[in-house]
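The same protein chain appears twice below, in two forms, each given on its own as structure tokens and labelled structure 1 and structure 2.
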Structure 1
């Protein structure tokens, strides 16, 4: 008897056939068993427990120890997620969050990830690290069926912020990504971040904002459809995906996830690092009432940061970083400055900043009052 899971796995396997490197297939699974082993037994090992975005696990900004094997564990979780008041997504996630957790290491460290695909899942999954070198970013070495686990290790050779995502092959790739399976890794220089003059800079807080575009089908009545499981959602979702027009564009997996009780916080005078990723579409982050003091728009710390940006550009399939010192208290809106996507589709976050107002930077000289319409405002100021 062929089960629903067998059918789904069969489709994924067709898309990712297990050819060895001698066959020139774009979706091949590589066999690296003949490669010479690497002895890392003398290297220290450190474990980090990942935390859900927008928060970031504890880490040093400047490394005070030699390179190490940095170990992480992640579970792949398929589950239904409410992304708006009237909208549900059959999501596929890393560790249950959208985006997946931000991993932080230093240049020269080895990233060692144990990836679990629990037996209750329906789908085959893997992980492609844009920070890694070789084997489709690890995607061809981490393909796991439900009930399997795998361990991937790669050397972090390039400092910066990088996307990771699921890429199980063929048409499964975009579907898994827009169903929630993306995240980011930050590889810090061992001596920390530097400004445009190559002087050290640091941050008081770091937040990770993952932007997702979702494609939720509607029924004949115009209501968003809800599905029994992730497999049932595929064909209807594919039709919406291929139209290239998202129904929702969110920060951290849900409309309003980073507003209200979920709003980010900071204090006046603090430097806050915002890491922003978008695994599928271009985005234009903008901090209303603030700026990007230092912006690594492409996310690569070997390049000097740009300064004083009002809006920056995150290319689809990349992650960037921006540092800002909050000079005024109040509510700041962090948005995708395609304002249709920010206001109508959901790509808005809030930052609540504590402090004392500085009238030298901005002052309300006259509060709103009625004026003499017949005589005032008819001519320009002299």
Structure 2
């Protein structure tokens, strides 16, 4: 049983002595320096600056250039984050956001990530790319202590949307993930997305919806607890985690982050791609008032998309993609259709769509009005 003090002490040791950590995590740490070298010096290199979700960095949908080494940088940031009006989380994040940023490359590109763990952090971290092959998705090559950096390169061989997350070993794995350390990468086919008949399709805008499940302990008064630092939060959080019932389920790291002034926007007639990731737990996105025209439920573009879906399933530890043309203007709610999670725990986003209302698609024929109980409503029942 790890006490809060032990965890704190552990945190302090980690910060002070890299030696302790190396030993503790040795079974999962490797290096590739004795393997046969590969020469990529003739490969073109390109850099992308990552942007915070729900937005996605600029990218081509159909690649007009040959495969390249695509370079990204991420800082791991440990900080307290407000996840609801009355709730704070000692968060661990990729690049300061929950979820971490969406990275976009094309099949055949090499992803080259420089990962920084700044010295003010308390924990060691790494990154496991579901899109990568070998070495625990890169996890066993990237374990960095506070003050260290690492560079990982992997070849994007499979097109699709994939989760990445921190996995620093043992019970640290689920804890880091439910503290915010996950994100997604989209590997596009070089010639872009295709519909069910293998015809090219494109999107006018893309949004990245990262879903997080949080497990925040409560004190004896029933208030959500706040902690001095991430280490202090561990043991109480673990107890709630092991009950498997999240206290919050959010899009973009905070209840209401993608509603109100943070609501997503689109225009009538636009095709919008929604990439949805959940690194830990199953989810079921649903666009209230809309559909998924083409849905890669498992997120892998070598499989033909499903059509006309009402709700799609995101398996815990995966990312999926749905393409939808907004046919009608107005307010849409994009939810996790476990409606308890959507309404009471936070998994709701709104999409504000500008355009002209089409009465052919939907019209209110009779506005709600009192009816004559004596004469009407008798014919409905069998």
Partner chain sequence: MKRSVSIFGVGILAAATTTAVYLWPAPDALVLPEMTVISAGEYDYRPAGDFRVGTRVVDAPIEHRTARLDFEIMKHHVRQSEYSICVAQGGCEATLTKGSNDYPQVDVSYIDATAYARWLSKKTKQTWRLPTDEEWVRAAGDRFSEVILGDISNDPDPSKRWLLKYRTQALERNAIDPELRPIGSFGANDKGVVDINGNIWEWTESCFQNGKVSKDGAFLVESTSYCGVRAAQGKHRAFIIDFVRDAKGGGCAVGTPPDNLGFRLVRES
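C-alpha atoms forming the largest set that superposes within 1.5 Å between two forms make up the rigid core. Numbering follows the first chain given and starts at 1. Please read these numbers as outputs of a predicted model, since none were measured by experiment.
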Eyeball the pair and call it: which is the form predicted in complex with the partner chain? 2
C-alpha of residue 363 off by 2 Å or more between structures 1 and 2 on rigid core: no
Cα shift of residue 372 between structures 1 and 2 after core superposition, in Å? 2.5
